[in-house]
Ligand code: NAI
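Here we start with a single chain on its own, the form predicted alone, put down as structure tokens.
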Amino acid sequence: MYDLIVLGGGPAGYRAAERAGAEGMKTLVIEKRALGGVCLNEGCIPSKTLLNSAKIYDYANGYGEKYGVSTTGAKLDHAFVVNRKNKVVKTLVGGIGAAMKKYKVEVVYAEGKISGRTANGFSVEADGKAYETAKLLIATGSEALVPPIPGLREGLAAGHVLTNREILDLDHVPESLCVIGGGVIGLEMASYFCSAGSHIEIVEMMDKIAGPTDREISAMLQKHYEKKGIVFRLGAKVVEVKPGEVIYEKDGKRESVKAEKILCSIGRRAVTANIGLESIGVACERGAILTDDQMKTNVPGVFAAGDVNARIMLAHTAYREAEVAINTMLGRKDSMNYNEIPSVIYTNPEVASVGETLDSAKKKGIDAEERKIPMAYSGRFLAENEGGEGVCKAVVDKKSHKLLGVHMMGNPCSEIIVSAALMLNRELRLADLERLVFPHPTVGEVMREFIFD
């Protein structure tokens, strides 16, 4: 009998298990593939390893000349990059395994399925055995969305169509790559393979890239990559996939893109099928588990965290949801605030955001305004980003002058955005920013300039 069984060993699952184990709860994690989940093995960490190599190569291959540093004969060894990625992943997965041992968390590597209720809680089957638990946390994550586009599944089976999983292990740089979907994953992989030498074309159904990202920043990022040679086909609906070809409709006409490889990066969906949710009556909506802000499901004693609830499919969201779930189980008051979750696109330049955009604020009926500051207001940014475009935008409530959101493009905004998230958490007003002291010179201090805009 366990105090807690966690289905899934990704960011939500292993963080919850660590916290539960540290609190003395007898905990079991059931994971069918590898600890770390999609983020560590097939997403966040592997992609950032590749993107860092691409950034170094870009500087060696011409960018460095802007700073008085010239090189000759620079090349990117893709096989070496992939091998290094595997080494990084192995090291981090090993670290999670060590943490499980430290906190006396048991791990079973098998597919887990909820089999029903018991007198004392719930029963879960894995690897031919039954395990009983008082409480259950479902953290089965998400998988690549593969819509019923003619030829798409056949292409995946044949290997000329890839998802985020396969492209990270591609053994060569394709001459050309067509990316279906202009969201975060698609843009990051396009960024790496563009630097590595592929001709990239992105087919996106929306009229802008980068999903809910601020529209002006999305346009700036698109312009930057068009200069690098990436072709964007927006407002284009993919209707068929053939070997080496993506066929789409735009403005009532059929057109196509020819490419050696095709990346399907349309989105992700929660993994809720065949895990036994129906055996205990867990409620779902659009394929995702319904949770409240304490990560409770409709079934007492059953919680869900991470991509499986589809609230915000980001690893750091999953970490925080896991902490909230464990605190709630232990009777500690805690809850999620999804408006304070930052997001980052790790292209070069980076894009980061937190909170409301001007459009989303107005849709909620908030009388808001926008403050915009060029990143070049920061001496550090100007010193380190020769000719680089960058912008920092704040969305502010007109009446209270309270900060509602911050959106930026420019390196290293991924390391700055947490400051903005803290500002939102503390419900700071513009006038409050004047009392914050940023170290000088840093790029982050540009946010103080909102006061004077």
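Numbering starts at 1 and follows the sequence shown. As the structure is a computational prediction, the values presented were derived from the model and not from experiment.
Quick note: we don't show the form predicted together with the ligand, though the next part is all about it.
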Of 237 to 245, 75 to 83, 124 to 132, 169 to 177, the segment with heavy atoms within 4.5 Å of the ligand in the predicted bound form is residues 237 to 245
With heavy atoms only and a cut-off of 4.5 Å, decide whether residue 373 touches the ligand in the predicted bound form. no
Any non-hydrogen atom of residue 186 within 4.5 angstroms of the ligand in the predicted bound form: yes
Consider residue 318 of the chain shown here, and say whether it contacts the ligand in the predicted bound form, taking contact as heavy atoms within 4.5 Å. no
With heavy atoms only and a cut-off of 4.5 Å, decide whether residue 55 touches the ligand in the predicted bound form. no
Only one of 301, 287, 267, 379 has a non-hydrogen atom within 4.5 angstroms of the ligand in the predicted bound form; which is it? 267
Residue (of 314, 146, 196, 89) lying close to the ligand in the predicted bound form, criterion heavy atoms within 4.5 Å: 314
Heavy atom within 4.5 Å of the ligand in the predicted bound form: which residues of 188 to 213 qualify? 188, 203, 204, 205, 206
